[in-house]
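A lone chain, given as structure tokens: the form predicted on its own.
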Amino acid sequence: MSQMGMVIDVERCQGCRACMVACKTENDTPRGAFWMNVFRYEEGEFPDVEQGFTPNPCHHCSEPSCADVCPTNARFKREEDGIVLTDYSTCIGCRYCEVGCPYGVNFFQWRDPEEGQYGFAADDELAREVRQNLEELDADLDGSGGAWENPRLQAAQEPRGTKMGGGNHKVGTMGKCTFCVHRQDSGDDELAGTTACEEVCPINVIHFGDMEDPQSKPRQYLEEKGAKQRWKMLENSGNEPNVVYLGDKPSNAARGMENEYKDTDEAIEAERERDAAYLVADGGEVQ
């Protein structure tokens, strides 16, 4: 039995987030949904601060708790390759999978597909302004579709014969990373065994393939980097995740760079209380 997974070398990751953009365009996910996310974090206190980056797709666990809690069996693990999928035809949007998953990778479809997309169907101020500007440049602009569309997402996937790829589904359903299942089932040898996030990474951080095959890309990369520290996120959760990270693991003191900024007033007050000598590199007197 195969088990698709990833090896992610966080020592190489520069936090460019090209993988996030590639995932959105490949999978046509709605606004606010990021099936691939890159955590940006920092550790230490100024001036001794280090930054780190941790890409976080679905971990396609061997024991997926999201599937265990699904009351309709819409979330399930595919036997042939171990990919965890959502059958949107039976998903009732109860969001149990979101609660049951320890990785925070599930997203609820809040709007109808057209309204939820980045295109002109989203009737907000920004969309209207962009449309007006483009219509001034092109009088024949239709403007009825989304910002982009991947025709490969129209295909149905086995074993249920329903469309389970991509993120542009009916309102009230749950979505998450599928390891680009439409690519795996495409019958195209150049696409099968690849994901958009892996393909676009400029510095070869992500390695996707069969974790049970010693000759696969991720297994070969693990062998090549043998002495490097390897770890899995929340490994003791019991889910048996299939994403392996290489490089330093964030410490318990790591804090997110986007979500945990200090309040401006608090930061200014903290600086007032700090000994001004820290500003002098050689320890001399402050002028």
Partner chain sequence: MSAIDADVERLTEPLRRTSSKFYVALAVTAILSLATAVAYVSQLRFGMAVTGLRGWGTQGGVPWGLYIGTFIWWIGIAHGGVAISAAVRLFDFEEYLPIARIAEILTLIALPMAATNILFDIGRPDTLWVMITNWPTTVQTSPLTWDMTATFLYFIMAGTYLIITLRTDLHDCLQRGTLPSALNPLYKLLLIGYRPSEREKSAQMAWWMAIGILLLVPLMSGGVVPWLFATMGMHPGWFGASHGPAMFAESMTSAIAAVVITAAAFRWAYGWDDVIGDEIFRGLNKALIALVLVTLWFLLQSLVTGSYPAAPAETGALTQSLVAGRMAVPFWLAVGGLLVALAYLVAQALRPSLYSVAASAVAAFLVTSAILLKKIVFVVEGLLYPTRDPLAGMFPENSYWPTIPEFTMAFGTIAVAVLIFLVATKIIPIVELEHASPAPDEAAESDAEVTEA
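Here the structure is a predicted model, which means the values were calculated and not measured. Numbering follows the first chain given and starts at 1.
The protein also exists as the form predicted together with the partner chain; that form is not presented, and the subsequent description refers to it.
Comment: 68-76 is the region of 205-213, 128-136, 190-198, 68-76 lying near the partner chain in the model of the complex, near meaning a non-hydrogen atom within 4.5 Å. In the model of the complex, the partner chain sits within 4.5 Å of a heavy atom of Ser89.
In the model of the complex, Gly226 stays away from the partner chain, with no heavy atom inside 4.5 Å. Contact check for Val171: a heavy atom falls within 4.5 Å of the partner chain in the model of the complex.
Under a 4.5 angstroms non-hydrogen atom cutoff, the partner chain in the model of the complex has Gly32 among its neighbouring residues. Note on the partner interface in the model of the complex: the residue among Arg95, Lys163, Lys217, Arg152 having a heavy atom within 4.5 angstroms of the partner chain is Arg95. Using a 4.5 Å heavy atom cutoff, none of Gln3, Arg183 and Val244 lies near the partner chain in the model of the complex. Contacts between 36-59 and the partner chain, taken as any heavy atom within 4.5 Å in the model of the complex, involve Asn37, Phe39, Tyr41, Asn56.
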